[in-house]
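What follows is a single chain, given as structure tokens, in the form predicted alone.
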Amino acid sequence: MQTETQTMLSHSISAMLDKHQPSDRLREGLAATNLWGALVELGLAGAEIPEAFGGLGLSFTDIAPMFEDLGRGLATTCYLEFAVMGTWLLHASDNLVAHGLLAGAATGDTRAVLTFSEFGSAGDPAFARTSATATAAGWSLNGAKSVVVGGSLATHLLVPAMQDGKLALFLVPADAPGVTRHSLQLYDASSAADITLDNACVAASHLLARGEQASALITLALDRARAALCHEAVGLMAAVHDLTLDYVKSRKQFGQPIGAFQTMQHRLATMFMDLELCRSAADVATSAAQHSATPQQRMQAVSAAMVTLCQCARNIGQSAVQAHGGIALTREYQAGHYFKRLTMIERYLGTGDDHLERYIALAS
């Protein structure tokens, strides 16, 4: 049962996406910046920012379900990277410099992104080859971050780096000396960048957290993002299920709709059960990210949801392609694009195997 706030957000997102149908975006190549701008116009860039800084003051449980609508609309927005992770970290870090950026973040002018990914990291936030060295002017950062979604559009980078053997989190202006970005477009149309830090200079006041505090902040930011991704996956899977259901009702074989065959009915029923299982898992993960009594409980709940997500996404995506046949893989048909986004989500913040290992380690 949705709250009044969740219903209002859902209606706003749906109305916005009605103006930018998935088929139009696939045909016209509408960039992620366009949809990010539409979300900014709705005031959602500052959804979780306190009202004192110009935001809406909503909770994570308020905004997470709207990702289902974004999934249904096949929207690539970088909202997850900028708002759910980046802006939240600016506020949660309790750093005066970071807090000074919150007003800009509420208007969408400041776009901070967490650069957690490095080659070989497998999504582990505690893994970082990037190093930070103290200098007379502050800090010097050296290293490389790979496939940072939203990195080419960001105004600020939140960089995990090792400093004297401990993990630290730094706030780095994207145009700081020593920062180089190489823009990428991923196969689901997301905008990303490979980022190189070559003696990147950062002021001393831009150290946001260090040691266990930094690790806890980064892990929580990623778990929040995983919970939101579960909701997006639910929207994607619901859209794929609806497309497949409509198709099997109209596609005829041997003189009757293929949906009349018992095998196809069983396939659609299994897809629906997987969808509802993932919907429940998404709700549990969102509640855990906001209300868990301990970090261990939160991480277990989120990893369990991600394992469920990865299994259900693959089952539903493959079943949809098999039900459609070759048309599902054509550029003009939406089913294949939904499947590509589901595949991207399945690997984005740790694979199902990664989360199964984390769940087992936490339970032992």
Partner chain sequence: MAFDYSPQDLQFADDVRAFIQANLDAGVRKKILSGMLPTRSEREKWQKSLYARGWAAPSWPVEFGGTGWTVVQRHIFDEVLTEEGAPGFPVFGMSMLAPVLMRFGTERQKREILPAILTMDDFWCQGFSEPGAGSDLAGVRSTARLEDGFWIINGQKIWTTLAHEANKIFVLVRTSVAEKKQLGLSILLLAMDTPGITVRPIITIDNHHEVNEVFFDDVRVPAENIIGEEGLGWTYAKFLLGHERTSIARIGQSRRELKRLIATASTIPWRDGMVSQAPWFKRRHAQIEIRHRILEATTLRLLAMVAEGGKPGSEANLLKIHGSEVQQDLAELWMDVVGEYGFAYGQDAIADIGEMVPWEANYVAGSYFNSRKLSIYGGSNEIQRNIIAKSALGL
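Positions refer to the first chain, counted from 1. What you are looking at is a predicted structure, and each value in this text was computed from that prediction instead of being measured.
Only in words, not in the display: the form predicted together with its partner chain, which the text now covers.
Trainee: Counting heavy atoms only and using a 4.5 Å cut-off, do H99, L243 and P295 all touch its partner chain in the predicted bound form?
Mentor: No.
Trainee: Among the candidate stretches 183-191, 152-160, 71-79, 204-212, which one is within 4.5 Å of its partner chain in the predicted bound form when only heavy atoms are counted?
Mentor: Heavy atoms within 4.5 Å of its partner chain in the predicted bound form occur in 183-191.
Trainee: Though its partner chain is not shown, can you say which of S287, T219, T110, N142 has a heavy atom within 4.5 Å of it in the predicted bound form?
Mentor: Result of the distance check: S287.
Trainee: Does the 4.5 Å heavy atom contact test between G325 and its partner chain in the predicted bound form come out positive?
Mentor: So G325 counts as contacting its partner chain.
Trainee: Would M8 count as a contact of its partner chain in the predicted bound form, using a 4.5 angstroms cut-off between non-hydrogen atoms?
Mentor: Contact check for M8: no, nothing within 4.5 Å of its partner chain in the predicted bound form.
Trainee: Looking at the partner-bound form in the predicted bound form, is V84 within 4.5 Å of its partner chain by any heavy atom?
Mentor: The answer is no: V84 has no heavy atom within 4.5 Å of its partner chain.
Trainee: Decide whether H266 counts as a contact residue for its partner chain in the predicted bound form under a heavy atom distance cut-off of 4.5 Å.
Mentor: Judged by the heavy-atom cut-off of 4.5 Å, H266 is in contact with its partner chain in the predicted bound form.
Trainee: Taking only heavy atoms into account, state which residues of 264-287 are within 4.5 Å of its partner chain in the predicted bound form, ordered by sequence.
Mentor: In sequence order, Q265, H266, R267, L268, A269, T270, F272, M273, E276, L277, R279, S280, A281, D283, V284, S287 come within 4.5 Å of the partner.
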